[in-house]
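One chain is shown next in structure tokens, namely the form predicted on its own.
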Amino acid sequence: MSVSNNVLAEAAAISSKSNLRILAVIAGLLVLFVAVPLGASDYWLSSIIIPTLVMGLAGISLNLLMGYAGLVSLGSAAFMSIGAFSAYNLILRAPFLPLPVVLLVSGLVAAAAGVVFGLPALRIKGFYLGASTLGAQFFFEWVFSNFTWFSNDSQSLTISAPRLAFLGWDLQSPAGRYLLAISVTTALIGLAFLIVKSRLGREWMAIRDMDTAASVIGIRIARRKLQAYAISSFFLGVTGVLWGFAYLGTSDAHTFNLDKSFQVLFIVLIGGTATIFGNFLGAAFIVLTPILLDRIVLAANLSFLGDQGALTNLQRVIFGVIIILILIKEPDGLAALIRRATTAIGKWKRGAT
């Protein structure tokens, strides 16, 4: 009888936790889709929230490859540029396509490129693989800078965001662009969770931990590695569309340069590898640090740091220091730090009671 009561109690506890999680998700979605667009100012939406969302999504894209599959890429921005230029040309040359289809096809084009440039992963690892992925970065930056067809023969080689609309809804306003960004981000977060929890995600982690043992138990290493590059590049392609259209409005090949690839890498390192929501912590750091530095310079009247070049160098120094400290003190990033702090607070509360 006592065993039966224990089983029922455990089932009730699990059900209660599940209900709380569902309520938390619903509350979070209401905040993101209702409260934020109604309550946030245009400045917050355009300059802080949208870039944080998009860069966090870029971090998820790379984290699927690095954190879960254990592979390397230093050319993330190249696949973002493929997505942006693909979407621009699809909307320009096939205006009948709805926006979701444009996003999907742009991601698939980037995924195809990711498979091609992921082929070296079948032969090499580590630093050499990272160096080889730089080829994608330089190649596509050169292509989009020298072939004017991709920018509709524009003399400036720039692409401008077309009128964004879906089912008659105008998405040109800051709130509309935010809703586009949060809708796509939410969908891809859900897809990322499904992938990580699936057989594919488990096999990626087995390859990451020990690819020789993974091969022995029957995992197809080559196929899974190419799938990792394809899926990561798909996410990056969609992210590039959001960065070019929902945030910047106007972009060119140099918008997606090597600095942008390293920013995405910093997001993963700062937020934490093999995590989903930690990427948004890293993205918030990347987005908010320059704004914070500007405010400090203005408040403290630091004229010797007033020029933009000095601020940029200071920002890079801070990035480097933070990354070094995180790698030394908390290799799993800010997400693990917050998780440990939450666990410690919970233990302290239980001890106090």
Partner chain sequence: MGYFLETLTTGLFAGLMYGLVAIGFVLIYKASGVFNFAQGAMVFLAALTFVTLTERGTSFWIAFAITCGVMIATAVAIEALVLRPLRNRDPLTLFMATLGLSFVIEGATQFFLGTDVHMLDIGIDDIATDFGGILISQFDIVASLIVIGLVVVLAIVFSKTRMGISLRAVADDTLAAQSIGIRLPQIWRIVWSVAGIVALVAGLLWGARQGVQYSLSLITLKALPVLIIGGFSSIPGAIVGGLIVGAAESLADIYIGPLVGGSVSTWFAYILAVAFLLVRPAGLFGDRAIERV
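Because the structure is predicted, anything quoted here is derived from the model rather than measured. Numbering follows the first chain given and starts at 1.
Only in words, not in the display: the form predicted together with the partner chain, which the text now covers.
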Requested in this report: Among 49-57, 321-329, 287-295, 24-32, mark the stretch whose residues have heavy atoms within 4.5 Å of the partner chain in the predicted complex.
Outcome: 321-329
Query raised in the report: Does at least one non-hydrogen atom of residue 41 fall within 4.5 angstroms of the partner chain in the predicted complex?
Result: no
Query - residue 45, heavy atom within 4.5 angstroms of the partner chain in the predicted complex - result: no
Query raised in the report: Could you tell me if residue 250 has a non-hydrogen atom within 4.5 Å of the partner chain in the predicted complex?
Result: no
**Report entry** Proximity of residue 299 to the partner chain in the predicted complex, heavy atoms at 4.5 Å
**Finding:** no
Query raised in the report: Within 4.5 Å of the partner chain in the predicted complex, heavy atoms considered, which of 265, 206, 188, 276?
Result: 265
Requested in this report: Find the only residue in 157, 195, 124, 104 having a heavy atom within 4.5 Å of the partner chain in the predicted complex.
Outcome: 124
Query raised in the report: Does the partner chain come within 4.5 Å of a heavy atom in each of 96, 153 and 200 in the predicted complex?
Result: no
Query raised in the report: Counting only heavy atoms, which residues in 274-295 are within 4.5 Å of the partner chain in the predicted complex?
Result: none
